[in-house]
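Below, in structure tokens: the form predicted on its own, a single chain.
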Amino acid sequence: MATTEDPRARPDGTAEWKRELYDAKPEREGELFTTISGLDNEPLYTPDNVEIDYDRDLGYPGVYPFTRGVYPSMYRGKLWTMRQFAGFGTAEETNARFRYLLDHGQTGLSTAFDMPTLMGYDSDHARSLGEVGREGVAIDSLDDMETLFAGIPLDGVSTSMTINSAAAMLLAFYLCVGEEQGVPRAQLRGTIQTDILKEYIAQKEWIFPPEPSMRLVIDMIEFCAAEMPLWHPISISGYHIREAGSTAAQELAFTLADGFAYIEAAVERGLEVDDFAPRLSFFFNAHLDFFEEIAKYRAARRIWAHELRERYGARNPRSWLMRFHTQTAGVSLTAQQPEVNIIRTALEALAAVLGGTQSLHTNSFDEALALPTENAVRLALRTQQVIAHETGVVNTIDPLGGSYYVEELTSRLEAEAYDYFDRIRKLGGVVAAIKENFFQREIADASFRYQHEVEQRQRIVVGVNRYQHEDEEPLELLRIDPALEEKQIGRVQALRSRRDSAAVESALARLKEDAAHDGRNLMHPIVEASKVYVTMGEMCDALRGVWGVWRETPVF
């Protein structure tokens, strides 16, 4: 074979190039060349080791199988929604943060709730002590929701709400506020997370056992299909699965498996797939392995389109579309040298955009230490705006499509997902696999492997296991005033003293009665209870009394 000094020399194929040229030079020692998920990477991808069928694997944007994007024009037609997550203290404080973000160019609202709200407890419950308003906004009743959106016309903004077990109550509060503003529920736009299966798998913020929880999810899907056609009743969420330590392949597979489980439950309820599937949405993580993340999103679109069309018989092309929100990886943020998180977040956001996301949240650089300050939030939003307006990556659709590496990685992640689908099916489906702790063990094993690689310095985390910097200057952090908890407790107690007690008791009696009968959609009594200012905790307690609570078997 000719030597590399001859500029006309060409290896006779990839295998010869690797044997004669690449293998003659040693690789760097000590660091891994696999993806974060552990997938092996060849040093070079060419037509010799990658098979691409353009029509089957790629196609065109807005055309089945949607590998290249769900809309024909993608960002040349409309940029993704810049939807920064916000919520802390009482409704007044978060309302002010919402207004701040909208004033600085945010195009959608995203609401974080505190732990008591997520777990279905009012702020004055004993289990809420010390947690009110700490990790999100405290919402106890319709009264709080009215304050949260005061001065924000709900006919002019789309709103995302990150809540699961108590999602039905928060959706009811929101539609009541809309109607008070003169916005019919059929015109409200937004998304509520509602993904209870991923709670059992990863995030652990559940209340009720899986079966009644699934009933409540399907009640919401059915209700929204009939009465809130512009609303996404569920955001099927891989984000928290990844934050718990999963690989990209596990995030992809477990998220889609959850989506299929919701479809099957809704069809079993008697709904036609095309009546609700177009309003299902997804929520993915954007981690640091740049190309693996892009490939993950492309594989997700392709799998969803194929399964909806072929397995579930959807005939409306809108049912085949996987539209998703992305958030940069909170787990990738470091407390050490936190300003470096700005770089991490920018790269993760760029991967989400190149992967074709429909909306995006960029984490603030100080979030490994506390809730973000206004300055950090503004900088996170500016990160999206720079990507959108200064980098040129939005000027052509799917610019990495056709890359040998990206296409091969997309296909490998797709194959990994189908392998997991088969394993879940053999266990009896998602709920059965949850009870067997299948997902929990898979994630725990992946998390352990990654942490071991970091500790062995096979994977470098800047500022953590290499390039450390001593004597860092402390950041100015957002501090939540403890007085806000007492303020919120007083607020909910004052509400109870002035509302119509007889109407409250009647509404709770109806909710419990309907919960005891499987054939009744619980959204209707929940909406009626909201209107008479029954609190979220009171409604959850009523359902706890009927359904009980869930205790997970520990994983060892």
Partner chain sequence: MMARKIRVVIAKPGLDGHDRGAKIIARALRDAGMEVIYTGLHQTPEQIVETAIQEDADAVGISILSGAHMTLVPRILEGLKENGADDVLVVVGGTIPREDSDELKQLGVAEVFGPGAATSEIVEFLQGKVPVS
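Residue numbers count along the first chain shown, from 1. Please read all numbers here as calculations on a predicted model, not as lab measurements.
Not on display, but discussed next: the form predicted together with the partner chain.
In the predicted bound form, the partner chain stays beyond 4.5 Å of every heavy atom belonging to Gly156. The shortest heavy atom separation between His361 and the partner chain in the predicted bound form exceeds 4.5 Å. None of the heavy atoms of Gly105 is located within 4.5 Å of the partner chain in the predicted bound form.
Contact check for Ala244: a heavy atom falls within 4.5 Å of the partner chain in the predicted bound form. Of the residues Cys176, Ala314, Ala368, Met214, just one reaches the partner chain in the predicted bound form with a heavy atom at 4.5 Å or closer; this is Ala368. A heavy atom within 4.5 Å of the partner chain in the predicted bound form is found for one listed residue only; from Leu230, Ala335, Ala483, Val386, this is Ala335. Against the partner chain in the predicted bound form, the set Arg134, Trp206 and Gln440 is in full contact: each member has a heavy atom within 4.5 Å. Stretch-level contact check against the partner chain in the predicted bound form with heavy atoms at 4.5 Å: of 472-480, 388-396, 259-267, 344-352, the positive one is 472-480. Along 434-472, residues Gln440, Ala444, Asp445, Ser447, Phe448, Tyr450, Gln451, Glu455, Val464, Glu472 each place a heavy atom within 4.5 Å of the partner chain in the predicted bound form.
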